[in-house]
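Single chain ahead, written as structure tokens, the form predicted on its own.
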Amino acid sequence: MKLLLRNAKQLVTCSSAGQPFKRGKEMSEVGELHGADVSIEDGIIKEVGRNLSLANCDVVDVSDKIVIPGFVDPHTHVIFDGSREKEFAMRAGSKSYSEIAANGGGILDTVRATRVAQKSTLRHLAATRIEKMLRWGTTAIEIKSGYGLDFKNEVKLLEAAIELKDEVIPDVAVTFLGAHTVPPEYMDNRAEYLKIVTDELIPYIVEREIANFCDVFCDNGFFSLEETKYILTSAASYGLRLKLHADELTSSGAVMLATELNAVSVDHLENISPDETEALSASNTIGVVLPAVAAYLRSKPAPARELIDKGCAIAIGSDFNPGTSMVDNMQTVMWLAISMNGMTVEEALNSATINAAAAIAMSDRIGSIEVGKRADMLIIDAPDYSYLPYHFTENRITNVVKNGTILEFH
């Protein structure tokens, strides 16, 4: 299929000038063009410029529209069963995240519901959630396991995620998060569960090719720095790329570990220390900020303003999950990043596109409107790109373009 988008009122490329991501001051540049065309062939961007021609193609006049890259959500937990709205009410009544988890709520509540659910049910639930995300402009998504917490159920979740690659339109990156928390049956024998993760699950996952990344929740009450290093070192030895939940509840030193192990991303960062900030800024690890979590938990937001000013490469994600962020809309995440984390509109847009793509190691093919990349774009009926986070409750996307195809929603 050939497609020509003609004469965009405003075309925002989010180009990173040949680099895999933007960092520091570079995040203020979005590559704004006016009256530009985009030619697309076989799902790939062929040219970006003015007065382009393309033989035997469909032409779409976007002279009154904004065109931006499709959003990339680099941190989600969309595969689960059950609901935790009661915890939301408990937190509103002053119960903390840690208190709820210590009394059997939190992650373990979702684990109980997810373990008894059939894989087909979980896949259907996740596909429905991803469809909603797509309508709000998310054209690529990361999916974590972590609600199985035993061999059978972690594999079930990863298989469901891999099968979703063929069922949903957005690109899918899959992350193994068997170390989300210690399951109740191993609370008195943590070492045995670590062995299951490193000696049984990781080798099986790699052999079956059912995950791209390995992640660990390193924080007080979950996995220690030593346990985290043990798991991630094992994962790296088998060829899995690394991610890390870090500094959500406390400053644990996990960011230092992530940079030492050359992790692709380190996520949360609400309690990152000054030393960790310096280490992150000197690394190629993407810091993923999750604004909706701080909003749900009424907790301190990650210091994105400081991190960017120090030269870090920052992305944003929804952290869509049943307990601390039922946000499926990256436009809302952008608004929160601007309002709570101190980002500018331009920084938030780059964080939701090119840098988010880098956080799932896909920025070589998605995340910006550049020649040679996939044609994943959003056509928007708005006066300016800043209108999206400004009026985040109103979806002004008129068309989602995925791999050069204009999608139709019913």
Ligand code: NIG
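The first residue of the sequence shown is number 1, and the count goes up from there. Note that the structure is a prediction, hence the values are computed from the model and not measured.
The same protein also has a form predicted together with the ligand, omitted here; what follows describes it.
Annotated contact segment (heavy atom within 4.5 Å of the ligand in the predicted complex): 243-251, selected among 183-191, 155-163, 336-344, 243-251. Proximity to the ligand in the predicted complex, defined as a heavy atom within 4.5 Å, holds among 329, 321, 114, 283 only for 321. At a distance threshold of 4.5 angstroms between non-hydrogen atoms, residue 293 is in contact with the ligand in the predicted complex.
Residue contact check for residue 147: one or more of its heavy atoms lie within 4.5 Å of the ligand in the predicted complex. Contact annotation for residue 84: at least one heavy atom lies within 4.5 Å of the ligand in the predicted complex. When the ligand is considered in the predicted complex, residue 97 lines it closely, a heavy atom lying within 4.5 Å. Along 49-82, a non-hydrogen atom within 4.5 Å of the ligand in the predicted complex is carried by 75, 77, in order along the sequence.
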